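In the block that follows, a single chain appears as structure tokens, in the form predicted alone.
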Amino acid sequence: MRRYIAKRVLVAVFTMLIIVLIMFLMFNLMPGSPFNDQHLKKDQIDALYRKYGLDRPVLERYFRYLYNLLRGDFGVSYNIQKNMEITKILALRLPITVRIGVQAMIIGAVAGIILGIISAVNHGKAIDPVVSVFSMLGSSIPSFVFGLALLYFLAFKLKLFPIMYSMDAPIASTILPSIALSIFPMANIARYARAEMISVLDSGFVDLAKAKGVSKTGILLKHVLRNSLIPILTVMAPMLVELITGSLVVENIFSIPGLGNLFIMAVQSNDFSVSIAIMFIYSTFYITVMLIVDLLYGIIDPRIRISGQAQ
């Protein structure tokens, strides 16, 4: 199992190094300049390039950036908040984006698994097609459509939640965007959970458990749900990252000062130090979550654990 974990960690670290290289080269070789102020003269722009070390060769800048990155230093912002450390900018915005993404994932996962169980247990009955239709609609309609509907009815009409993000009510301000983002994972998890649980319910070991007198609840929790968790986790892992990294439009709808809003500003202003930092965080999220899922496989499925020990 230790070798299994070590291999996954090494692959994750190597992947991150490749991603950083590609991102750095892509942003630094793109046309345009972070210093687009019309009032700046050429000698002033040249002085700014020297100040930030942007006049040096790309590879030299990459290795210096990588060295600073390993120390947790993302550099400074060129435009958005001039000369402010990017780590300080991210520290203000990252928790908001993560909170919304995690809340949305928890809502979507819990509700999706419950809907999947209800649909699988009542397979062929009236409620089954209702869950299927919801899954289809939830997977097809963009999150920002749900966001606009929730904003209009619950925030504007009923005034149950803030219309815009407020630092005075950080939890209440994130409920509606979290619900809007949760519909997509809820629908997909319900669909996957239903399919997996129907398959498990038809298996021989479930019939054996029934013959032994195991209660219906015990069969669902100990046998059906547990054996359905691996494919469900496989779906949930990338969804969590998508919720965190793909909330650009929803953040703008609710005026949330998160990473999505910051990334749009960074791209528009050619502030590529901020852009690279945000993409690095997004990539780190994805790789870390997939690594955790790999390790959870070994906990949930004994066959993977035995295979890891044999390697």
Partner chain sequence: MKEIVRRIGSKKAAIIGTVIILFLVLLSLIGPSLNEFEYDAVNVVDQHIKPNARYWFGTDILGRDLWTRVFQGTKVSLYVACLAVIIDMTIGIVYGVISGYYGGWLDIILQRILEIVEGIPTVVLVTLLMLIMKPGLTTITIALVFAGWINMSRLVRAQVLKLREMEYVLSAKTMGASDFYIIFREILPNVAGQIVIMAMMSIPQAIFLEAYLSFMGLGIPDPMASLGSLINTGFQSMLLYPYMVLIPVTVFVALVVSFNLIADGLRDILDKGTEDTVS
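Heads up, when I say rigid core I mean the largest set of C-alphas that superpose within 1.5 Å between the two forms. Positions refer to the first chain, counted from 1. In this text the structure is predicted, and so the values were computed from the model without any measurement.
The same protein also has a form predicted in complex with its partner chain, omitted here; what follows describes it.
- When its partner chain is considered in the model of the complex, only one residue from Val289, Val11, Leu296, Leu21 comes within 4.5 Å through any heavy atom, namely Val11.
- With the partner removed from view, the residue among Leu137, Leu158, Ile171, Leu208 that has a non-hydrogen atom within 4.5 Å of its partner chain in the model of the complex turns out to be Leu137.
- Interface residue remark: Ile264 is counted as part of the site for its partner chain in the model of the complex, having a heavy atom within 4.5 Å.
- Within 4.5 Å of some heavy atom of its partner chain in the model of the complex lies at least one heavy atom of Leu151.
- The closest heavy atom approach of Asn252 to its partner chain in the model of the complex falls within 4.5 Å.
- Its partner chain is not drawn, but in the model of the complex it has a heavy atom within 4.5 Å of Met279.
- Stretch-level contact check against its partner chain in the model of the complex with heavy atoms at 4.5 Å: of 105-113, 193-201, 143-151, 224-232, the positive one is 143-151.
- Interface residues of 213-227, taken as those with a heavy atom within 4.5 Å of its partner chain in the model of the complex (partner not displayed), are absent.
- After superposition on the rigid core, displacement of the C-alpha of Pro257 between this form and the one not shown stays below 2 Å.
- The Cα position of Tyr286 differs by 2 Å or more between this form and the one not shown after fitting on the rigid core.
- Remark: with the core as the superposition reference, the CA shift of Thr245 between this form and the one not shown reaches 2 Å or more.
- The pair Gly246 and Ala180 is tighter in the model of the complex: their Cα-Cα distance falls by no less than 3 Å compared with this form.
- In the model of the complex, the separation between the C-alpha atoms of Thr87 and Thr245 grows by 3 Å or more relative to the displayed form.
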